[in-house]
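One chain follows as structure tokens, the form predicted on its own.
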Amino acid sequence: MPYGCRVTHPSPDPSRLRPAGLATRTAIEDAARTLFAERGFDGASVRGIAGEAGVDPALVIRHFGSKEALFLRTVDTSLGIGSVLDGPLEDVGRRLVAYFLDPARPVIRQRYVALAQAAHHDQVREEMNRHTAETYVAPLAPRLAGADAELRVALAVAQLAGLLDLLFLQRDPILTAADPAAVIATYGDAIQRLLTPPGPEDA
């Protein structure tokens, strides 16, 4: 899912590092950010990241503890999603789909694929769950009328993830060839029905 990542700093504490140590850490982060985006989680190895950064692989683990922690430190897909959710509830479904299909945001695809590839790791999965709760459920659920508001938001996120899986991972030919405006309208309205179900007068 489009998850923004927040992790605590592993040992050593960056605020206590000398300039050379900070430079090494920054070089590792920059290399990891590039390789995770280009190759995904599985394709970017600790050794490859170290080589790109020009450091010994042991320093990657020393600074970040694990490949998973480094991944979470450097991969962030939030990219302004809060402004999409803050708008009117009446068309938030379409706005969400439009946001992730926007051709001006190619980085969304790269980062979503990287996150999906790493989701089987406990640390990554826990961070993704935290992000769903804090970025989607917390701001949207209190605004929804009716029962099971938190469940409905979580189901909407799951529905959106299904679309992104077919588009970005499976590259389903029907979806990839479809008119984006039709996908936004059709799928956005399906998500909308979870968030703001039609009342009896709309049936």
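One rule holds for the numbers: they count along the sequence shown, beginning at 1. Not measured: the values here are computed from a predicted model.
What comes next is about the form predicted in complex with another copy of the chain, which is not displayed.
Peer 1: Have a look at Ala69, Ala50, Ala154, Ala37 for me and say which one sits with a heavy atom within 4.5 Å of another copy of the chain in the predicted bound form.
Peer 2: So the residue touching another copy of the chain in the predicted bound form, by this definition, is Ala154.
Peer 1: Name the single residue among Gly162, Pro57, Gly65, Pro139 that comes within 4.5 Å of another copy of the chain in the predicted bound form, judging by heavy atoms.
Peer 2: Spelling it out, the residue with a heavy atom inside the cut-off is Gly162.
Peer 1: Looking at the partner-bound form in the predicted bound form, is Glu150 within 4.5 Å of another copy of the chain by any heavy atom?
Peer 2: Heavy-atom contact with another copy of the chain at 4.5 Å: present for Glu150.
Peer 1: Indicate whether Ala145 is a 4.5 Å heavy atom neighbour of another copy of the chain in the predicted bound form.
Peer 2: The answer is no: Ala145 has no heavy atom within 4.5 Å of another copy of the chain.
Peer 1: Is there a heavy atom of Asp30 no more than 4.5 Å from a heavy atom of another copy of the chain in the predicted bound form?
Peer 2: So Asp30 does not count as contacting another copy of the chain.
Peer 1: Just checking whether Ile61 would be counted as a contact of another copy of the chain in the predicted bound form - the rule being heavy atoms within 4.5 angstroms.
Peer 2: Residue-level check for Ile61: no, no contact with another copy of the chain.
Peer 1: Any residue of 157 to 175 with a heavy atom within 4.5 Å of another copy of the chain in the predicted bound form counts; write them all down in order.
Peer 2: Result: Val157, Ala158, Gln159, Ala161, Gly162, Leu163, Asp165, Leu166, Leu169, Gln170, Arg171, Asp172, Pro173, Ile174, Leu175.
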